[in-house]
Structure formats: structure tokens, C-alpha cells
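As a starting point, one isolated chain is supplied in C-alpha cells, in the form predicted on its own.
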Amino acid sequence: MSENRVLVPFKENGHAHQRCMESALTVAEQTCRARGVRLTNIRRRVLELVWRSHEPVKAYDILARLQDEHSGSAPPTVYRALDFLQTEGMVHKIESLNAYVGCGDPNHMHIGQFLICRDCGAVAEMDDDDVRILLAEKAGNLGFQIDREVIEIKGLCAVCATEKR
């Protein structure tokens, strides 16, 4: 039986985002401890900045925020932290936007599918095995082996679609 999960839904009115962010940071700390890797202060801060909203954030926006806090922050610092967080499954890169979002389940390595609202910029993350299996099957029929999969679908979230009506 395949698994189809919504890992990070679109935020709803009244969403307790602070609790959402704190939960993500707690999971990150526990995950790093269990894996024997270090969630340094800078990595943790970059993760906080990514989770600051449910919208994708660009590396240079993270850098600007860090430079406000620590004037010596430089691009390699941010990119190294983002690389670490990606490797550990704590953030995903939204390729079409060249931006990052927090991962809804860093303890389960997966290739997510992302729904991106073209109006408000919010992102929802799904992990749908049916989609992954179908793509692998179709690609295999063409003799193609998938190495890396990023699925990004743009449209309108429920809130923006309702406002358009």
C-alpha cells in the first residue's frame, strides 16, 4: 500500500506558526543528536529563518537577516548551513524559485512534491508514493532512470482561490 501524506499544509487562518516553528526546531535538534551531527548555532539560526514563514526564502534574504544580527556573516556561511540542512533533510530547495522551505518530516528521507501558490507565495509539501511510482514507471518505460526528482506545481492555495471568486 502506498503512502500519501501532506507533510506541510498551506497555513490556515489562526495558524499557530510559532508553535509550528518551535516544533520544527525541536525535531531538528533531536534528529541531529540521533544522527551524531551538530546543529551549530548558525545552522539552527538559518533553519529558524527558513521556518519563519511558510513561504520560500532565498539564501540572500537569509544572509541579509544574519548580517543585521552579525555584521561578519558572508554568503559561504549561509550556503554551507543550507547544504547541511538539505543533506540532513531539514529543508528543501524549491528549484524554480531558487529558495528554501522547511521540511515537514526530516526523519523520513523523501522526495516531496510542492504546491506553490502563485499569489501569496505559500508552499505546501506532500509526499505521495503514487506520484513517485507513476513517474518512475513512465520514465522506466522510456529507458530512463531517475536520479533526482523535484516536483513543483504552481497554482492558487484555497485562501487565494477564495479571494479571487
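Position 1 is the first residue in the sequence shown; the rest follow in order. These numbers were taken from a predicted model, which means no experiment stands behind them.
The next section is about a form of this same protein that is not shown, the form predicted together with the DNA.
**Q** Name the single residue among K138, R33, H108, H70 that comes within 4.5 Å of the DNA in the predicted bound form, judging by heavy atoms.
**A** Spelling it out, the residue with a heavy atom inside the cut-off is H70.
**Q** At 4.5 Å between heavy atoms, only one of the stretches 53-61, 23-31, 112-120, 125-133 reaches the DNA in the predicted bound form; which one is it?
**A** Correct option: 53-61.
**Q** Looking at the partner-bound form in the predicted bound form, is S96 within 4.5 Å of the DNA by any heavy atom?
**A** No.
**Q** Residue by residue through 29-45, which ones have a non-hydrogen atom no more than 4.5 angstroms from the DNA in the predicted bound form?
**A** R38, T40, I42, R43 sit within 4.5 Å of the partner.
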